[in-house]
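Coming up is one lone chain in structure tokens, specifically the form predicted on its own.
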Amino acid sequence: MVYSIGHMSNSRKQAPLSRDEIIKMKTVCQMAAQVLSHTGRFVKPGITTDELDLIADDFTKSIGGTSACIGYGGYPKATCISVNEVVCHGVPSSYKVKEGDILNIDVTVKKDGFFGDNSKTIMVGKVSSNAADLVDTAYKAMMIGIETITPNGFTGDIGFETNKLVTRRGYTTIKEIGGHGIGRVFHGDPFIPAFGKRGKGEKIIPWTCFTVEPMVNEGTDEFIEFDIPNSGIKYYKTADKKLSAQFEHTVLITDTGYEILTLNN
């Protein structure tokens, strides 16, 4: 689950993690990666996003975790599943997945007071060449953002490289929504943008964690906000109804660089 600039003023600053806390973060992030990988295997035409959500929730429980999304701000489901033009926070429903769809599955697991968060966009069967290129761009945008991380660097460094890659490939990045600090809390500082200037933004602190999760749109970067009943969480669609894709990893900042904690080992 992503976070917006507007919410960050109420978030909590992240203090460096202890050695024992890092072990807990690595454990919960591996659980989140397992849940995402497991759930993704069931994506096929005809399955509903509700069924995928139940698969994720059951598997999370079976490995000793809990979904951090259920009840968070009143959010009703275990995962966010965003299909085609839905940018993020898509609510699982009776929607039947179709050949040619792209859908992002976003999984956050809680274990021993720590949170692991990751997502990926899955192509269903044969998709259009435009959709395939968009998904490839979103993955590469996440990875170049991660590769830009340096201890004591700045969040603007990440956003600058992310946006440069995306715009050069003819797409746009969502500006107001992005990654976030994570660890002892689900969402905290810093906000990790998909655009920015080198040397600007918040300073990156070693031995903290955050997510890198650029949202890449096929067309305009403008989006429309929708309410989720009985929830303070919103979901978003592209304003022009064109496609959006996203990938996400939780990353640990070290003294010398970074470690991706949600790789499916």
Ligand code: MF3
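Quick note: we count residues from 1 along the sequence shown, nothing fancier. All values derive from a computational prediction rather than experimental measurement.
This protein has a second form, the form predicted together with this ligand, left out of what is shown; the following refers to that one.
Of the residues given (F195, Y171, F186, F154), F186 alone sits with a heavy atom within 4.5 Å of this ligand in the predicted bound form. Proximity to this ligand in the predicted bound form holds for all of Y72, H89 and D117, with the criterion being a heavy atom within 4.5 Å.
Partner contact region in the predicted bound form: 102-110, out of 159-167, 131-139, 102-110, 146-154, criterion any non-hydrogen atom within 4.5 Å of this ligand. At least one heavy atom of I233 is located within 4.5 Å of this ligand in the predicted bound form.
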